[in-house]
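Encoded as structure tokens, the following chain is the form predicted on its own, with no partner shown.
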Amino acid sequence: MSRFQVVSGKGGTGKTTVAAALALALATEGRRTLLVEVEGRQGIAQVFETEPLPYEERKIAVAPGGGEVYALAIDAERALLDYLQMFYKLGSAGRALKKLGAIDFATTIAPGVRDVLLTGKACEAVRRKDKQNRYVYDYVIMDAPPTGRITRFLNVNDEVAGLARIGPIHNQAQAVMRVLKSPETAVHLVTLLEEMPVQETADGIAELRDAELPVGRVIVNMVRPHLLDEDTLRTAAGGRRKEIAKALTRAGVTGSAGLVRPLVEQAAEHAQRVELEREQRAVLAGLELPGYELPLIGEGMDPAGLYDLATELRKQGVGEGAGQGVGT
């Protein structure tokens, strides 16, 4: 399984929750994962119900089997200061530039530079090794920008590499693109079984493929159970009230006449939703990509729900065949 897992999706599909569950699932059995966010929303802190994340890697969860999940909120300004120190040794001078507002200016006026810094910081974590030459993290999972922006976000390094022909910027961009366009990376798209998210997923996959970025899986989130069997669905869709009233009477339900209309309406809505979901499943099948499905878990999401989703991902094969422990 790819060591750099990028999770994107249309707004409202639950991509942050899915990224967090994926980090937990991949940390199972003694592995160590790093979950990073790049949009400044503190979404990871919210789903884990913890304090806002600082610009440092901090352990936020322990997975079944003793694995660890670390998290990092990547800040473009701080990443630029790191970059200036790493390549130009501008420690105190870089801090002076920040006080003058130059750092904020550079990361705001040039969105491409901002994206290079964000992706570069994540890729550094993917490549980082300890003194024993073992990877510090078995997996790095990025809660990435939405589907409509993901290809430009990841591919902007290629554009910068084309603009800067020599020097540290060129070398940095090339190093990042070697990770992003390699089998080490997989870009997953989260969707719902609804028309707009599915269409945006299909469009996003086409853009990623055009940019030669590695597409991973389609993750269908918030899947609701089908409560009625096929015969009942057909009956509900047809609005056959007399048959339903007779069935209620035979079952000994009193006041069945007053129950028929609301029951028929609810059943018809359910039947309509099931049919629409089938249509969207057919569209997703046409994308010819493997996928995962995660159930809708009650109202809202808490850490217990995250662990449930991580368990579901493990059942569907996440992390199978991976070595146990950091550096394996």
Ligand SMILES: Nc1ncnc2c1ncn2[C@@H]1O[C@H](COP(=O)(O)OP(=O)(O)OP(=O)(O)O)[C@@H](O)[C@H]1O
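Note that residue numbering follows the sequence shown and begins at 1. Only a predicted model underlies this, so the values are computations on that prediction, with no experimental measurement involved.
Just so you know, the form predicted in complex with this ligand exists too; it's not on screen, but the next bit is about it.
Taking the partner from the other structure, this ligand in the predicted complex has a heavy atom within 4.5 Å of a heavy atom of Arg41. Within 4.5 Å of any heavy atom of this ligand in the predicted complex lies no heavy atom of Gly319. In the predicted complex, this ligand sits within 4.5 Å of a heavy atom belonging to Pro295. In the predicted complex, Thr201 stays away from this ligand, with no heavy atom inside 4.5 Å. Only one of 113-121, 217-225, 129-137, 177-185 lies within 4.5 Å of this ligand in the predicted complex by heavy atoms, and it is 217-225.
Heavy atoms closer than or equal to 4.5 Å to this ligand in the predicted complex belong, across 1-30, to the residues Lys10, Gly11, Gly12, Thr13, Gly14, Lys15, Thr16, Thr17, ordered by sequence position.
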